[in-house]
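The chain below stands alone, shown as C-alpha cells; this is the form predicted alone.
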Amino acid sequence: MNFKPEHPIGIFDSGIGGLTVANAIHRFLPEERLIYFGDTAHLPYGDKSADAIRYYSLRISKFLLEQNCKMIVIACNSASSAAYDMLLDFFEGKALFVNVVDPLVNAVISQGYQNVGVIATKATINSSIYRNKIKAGNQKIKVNQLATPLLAPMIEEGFYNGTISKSIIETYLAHDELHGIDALLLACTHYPLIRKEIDDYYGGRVAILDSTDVVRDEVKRILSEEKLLCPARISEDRFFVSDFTSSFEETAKNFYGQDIHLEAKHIWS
C-alpha cells in the first residue's frame, strides 16, 4: 500500500445511517479527512440478498479507492456481514478495511457479559454473524437475536423520540428473545439515534452497546500502528450519495449532528 497520512478515510453505508460512525470518527480524529458514500439508490441493504450486497460494496469500495482512501470503513452491519471477507480478498494490499461487527464483538467479550441480545436488520440477523463471532470468542456467552426491520426505515423518516417510535421500540424489546439479557447490541448504525429511548425502556438495567465509539477506537488503533494518522487537516470532508433528494440532506443532518452538503454521485452506469 502506497498511502500517505494525508490521504482520506473512506466510509460507506447503504444509506445515511453510517453517518453516526462518520461523526464519531470526525470528533475523535478531527485532523482526518473523510469521504463518505451513502448508497441511497439501493437502501436498505437489510432486505437485499448477500450477493447484491457484495456487488454494491465492491463497486463503492472501488470508487473510494479511486479517491485515494487509505482506509475503508464499512459503516453498515449488513455489508460488514455479507461483504467484508470478500472485500479483503479482492482488494488485498490496496487499502485497510474496518467493519462495524468485529470491534463490537470484541467489546462484548472483553466486558464479560453473559446473556447478550442483538437487534439488527433481517440480513444481519440471518447471517448470525454476531452470534457466531461471540460464541467463537467465548462459548459460555448466551446470544439471543431479534430482527427489527421497522427500526431503520422509521429512523430514516425521522420518527424517533416520539410516541410512534416508543410504541415500536417497546413492542420489539418486549419480545421473548430479549428477556433476561444483561447487554443489548444495537447492530445497525441507525440505532444510536434511538439509544436513549432503548435505555429509557430498560431503566439502566441492561447495558446498551453500539458500534460508534468502538469503531472509532479501532480506526485510530490501526492508523497509528500503520503510521498513517494525519497530523493536520488539509481539506474538507465530502459526502456522496448514489441518489439525491432534499429529504436525504435533512435526515443526514440528524445522523451527523450538523449541517452537511450531500453530493450526488452515480457510480452504477
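Computed from a predicted structure; not experimentally measured. One rule holds for the numbers: they count along the sequence shown, beginning at 1.
Form predicted in complex with ligand DGL: not shown, discussed below.
Stretch 188 to 196 is the contacting one of 102 to 110, 166 to 174, 188 to 196, 132 to 140, since its residues have non-hydrogen atoms within 4.5 Å of ligand DGL in the predicted bound form.
Ligand DGL in the predicted bound form is approached by Thr121, whose closest heavy atom lies within 4.5 angstroms of it. Residue contact check for Phe37: none of its heavy atoms lie within 4.5 Å of ligand DGL in the predicted bound form. Among residues of the shown chain, Ala152 is one whose heavy atoms approach ligand DGL to within 4.5 Å in the predicted bound form. No member of the trio Gly10, Ser61 and Val73 reaches ligand DGL in the predicted bound form with any non-hydrogen atom inside 4.5 Å. Contact residues in stretch 77 to 104 (any heavy atom within 4.5 Å of ligand DGL, taken in the predicted bound form) are Asn77, Ser78.
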